[in-house]
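Single chain ahead, written as structure tokens, the form predicted on its own.
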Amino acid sequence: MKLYCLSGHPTLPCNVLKFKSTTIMLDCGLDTTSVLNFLPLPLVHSPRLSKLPSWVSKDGTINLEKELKECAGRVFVDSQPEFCLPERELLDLSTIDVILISNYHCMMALPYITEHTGFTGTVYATEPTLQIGRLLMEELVNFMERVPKAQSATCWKNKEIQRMLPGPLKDAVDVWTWKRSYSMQEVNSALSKVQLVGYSQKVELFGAVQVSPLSSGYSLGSSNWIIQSHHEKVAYVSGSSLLTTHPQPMDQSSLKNSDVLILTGLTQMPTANPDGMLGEFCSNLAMTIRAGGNVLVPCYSSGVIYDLLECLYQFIESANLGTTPFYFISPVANSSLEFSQIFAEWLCHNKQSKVYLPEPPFPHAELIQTNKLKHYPSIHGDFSSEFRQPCVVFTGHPSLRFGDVVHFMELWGKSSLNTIIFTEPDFSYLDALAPYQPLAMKCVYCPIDTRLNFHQVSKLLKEVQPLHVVCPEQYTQPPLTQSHRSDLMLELQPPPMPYRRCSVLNLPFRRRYERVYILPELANSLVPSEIKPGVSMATVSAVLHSKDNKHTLQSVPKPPPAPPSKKRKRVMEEPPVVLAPKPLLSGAVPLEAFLVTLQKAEDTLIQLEEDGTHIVCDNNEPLRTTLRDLVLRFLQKL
């Protein structure tokens, strides 16, 4: 059993497991942190960004005026943003049989895998994962296509040039694997290969293994996966949460007795309490609105935003924010809000019960009905005529490099009354703000990450007790900024097996058994003998038949009878034993010829007369007796 690690991002994993003649990809996350090296894509022409000076090296030897721009003391690539793809050279991706998706954030690289590698397999995901993943991909494509850039910057990627650039471009890794966004056609083609599954549903792969998704408690439809044969069990834990939020709670019991547990997707903010961050979010929002400022919340179009809106629903009246408009701007805003209400069976019990009252599971439905929350596909159209301030705007993208958020950064960044509140933990807020400096608006960092922290995962592993744990190497050592915090790492016995991008691990267990079936008629013919109390044994002669990784013992077939040969073949064998002739004659004997033959013998005479027959033998009584008997038998036949 081998594990190929194609991504170096611990919360956006992409691994390939080879297990019992099957090749299984576990997630295909897209590392979008690479876009922080690019200039923002403004929806409306920005004089500031268009007049940025080109970067030239101090000695003047490197001048990439069409590719690199200098902004606020840093150098950015002036091109369409590119993403860091999973490694595609470590193994032949066309040999992958299936792809298992754990949540919608971990499937964003799917079109790169299914459309450009010769992939012919099947993708398994839950329905919310598929539908919300489609929305996120559609949103990403829309962000890119509505602000196209003709030029494509590639010269700066030359190794000799890159090492001469200032940081962080100088330190960017695998830049030649960075690619532009896919198209909507590629998205639709990739998602057509997805087969929907439900929690605890068992899917058999070629008769070799069974895979089954379990609720992970992180987001709508998010899953952990069990991959097992008759005698081995592998658990894949990715993006799980034990907190009581809107999804179904995490299924922990099914993870027990695993030979290997592959652990990814722990919280990126182990020291930040999500409940505390929500409280800080609400208090900073209220403080800004009361002072007459606007609040900008860069966020994804699904996930944490549901919890933010629910928190604000409870907070609005007590904070006297009833007249403050809330805007949710995204190409898929309407679909996202509707999907959250119709996936009732994927929600926690408390929200499921509301459906039967009937009430909407999420309170943002009431916010929409009372016009406190309004959603728009973009800043153009109806939004521009209905927009009023002060207000709260939820929009994307959290990287601040594309989407409607770029317009609001240019619009509100110059006023200290306004506040930007970061809630998504995927990006460094300082790097996200870098191309907008100097910035007058206040910045608040309230990362809300509900995934497992190190204390929770240590407790979980003690309960499920896997034989071996495999995890990203980042989890085996404290963060660089807090090297003294040994509690922010995994300390297990035996120690976990770490992996990094492009590593190949031989997982530490061997297959020792295989299940073999025996046909009933063959089983009936066995005669077991008791060799000790409770244990019997029987010898068996059979034929082993293997098909689709299922092995069956069948009775030995009887050899077919040899067909009659048309040609007589001479067989060189030992001469057969000559048996005494039977004393029986039948049929007519030609008398004349018989007598002539007998008369040639000098010592024998048979004389036939009308009233008698005489046999004369000189000195040979046995012969005479034999001839007499023969003649009598012939005469009786006549």
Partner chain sequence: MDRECVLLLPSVCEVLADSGRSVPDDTSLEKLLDWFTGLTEAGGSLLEACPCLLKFISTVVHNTASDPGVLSFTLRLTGLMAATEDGFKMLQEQSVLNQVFDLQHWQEAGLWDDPCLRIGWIQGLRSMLQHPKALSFFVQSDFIASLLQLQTDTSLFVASAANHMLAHILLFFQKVSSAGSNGINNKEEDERRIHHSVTDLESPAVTMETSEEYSAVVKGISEYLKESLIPKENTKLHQSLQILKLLALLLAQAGPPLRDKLLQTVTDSLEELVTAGCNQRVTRLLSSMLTISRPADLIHAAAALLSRGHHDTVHTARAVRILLLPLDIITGLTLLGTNTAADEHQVSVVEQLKSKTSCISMTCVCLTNTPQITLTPSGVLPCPPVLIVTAVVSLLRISSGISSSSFAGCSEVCRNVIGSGKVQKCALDALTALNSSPGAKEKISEVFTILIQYLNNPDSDPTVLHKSYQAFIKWIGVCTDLSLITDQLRQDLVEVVKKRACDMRWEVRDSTVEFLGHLAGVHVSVTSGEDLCDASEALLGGCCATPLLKEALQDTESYVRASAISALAKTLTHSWQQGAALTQDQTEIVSRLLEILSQDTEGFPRRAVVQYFISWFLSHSSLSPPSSSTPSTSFLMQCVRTVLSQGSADLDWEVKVHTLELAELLLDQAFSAHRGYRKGSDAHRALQHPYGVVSDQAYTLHTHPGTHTEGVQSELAHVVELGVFSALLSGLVDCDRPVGLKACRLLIILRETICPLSLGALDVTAAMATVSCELLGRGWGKEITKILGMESDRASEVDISAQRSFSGADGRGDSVTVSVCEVLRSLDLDERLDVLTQSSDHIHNSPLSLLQDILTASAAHTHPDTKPGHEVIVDCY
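Predicted model, so just to flag it, every value in this text is computed and none were measured. Numbering follows the first chain given and starts at 1.
One more form of this protein exists, namely the form predicted in complex with its partner chain; it is left out here, but the text below deals with it.
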Check each of E530, D487, E386, E463 and return the one that places a heavy atom within 4.5 angstroms of its partner chain in the predicted complex.
D487
Between the options E186, E138, E232, E280, which residue brings a heavy atom to within 4.5 Å of its partner chain in the predicted complex?
E280
Heavy atoms within 4.5 Å of its partner chain in the predicted complex: which of the stretches 397-405, 147-155, 110-118, 285-293 has them?
285-293
In the predicted complex, do D92, S94 and G207 all reach within 4.5 Å of its partner chain through at least one heavy atom apiece?
no
Answer with yes or no whether P494 is in contact with its partner chain in the predicted complex, where contact means some heavy atom within 4.5 Å.
no
Report yes if any heavy atom of Y436 sits within 4.5 Å of a heavy atom of its partner chain in the predicted complex; otherwise report no.
no
Tell me, yes or no, whether M250 is in contact with its partner chain in the predicted complex, where a contact means a heavy atom of each within 4.5 Å.
no
Looking in the predicted complex, any heavy atom of E317 within 4.5 Å of its partner chain?
yes
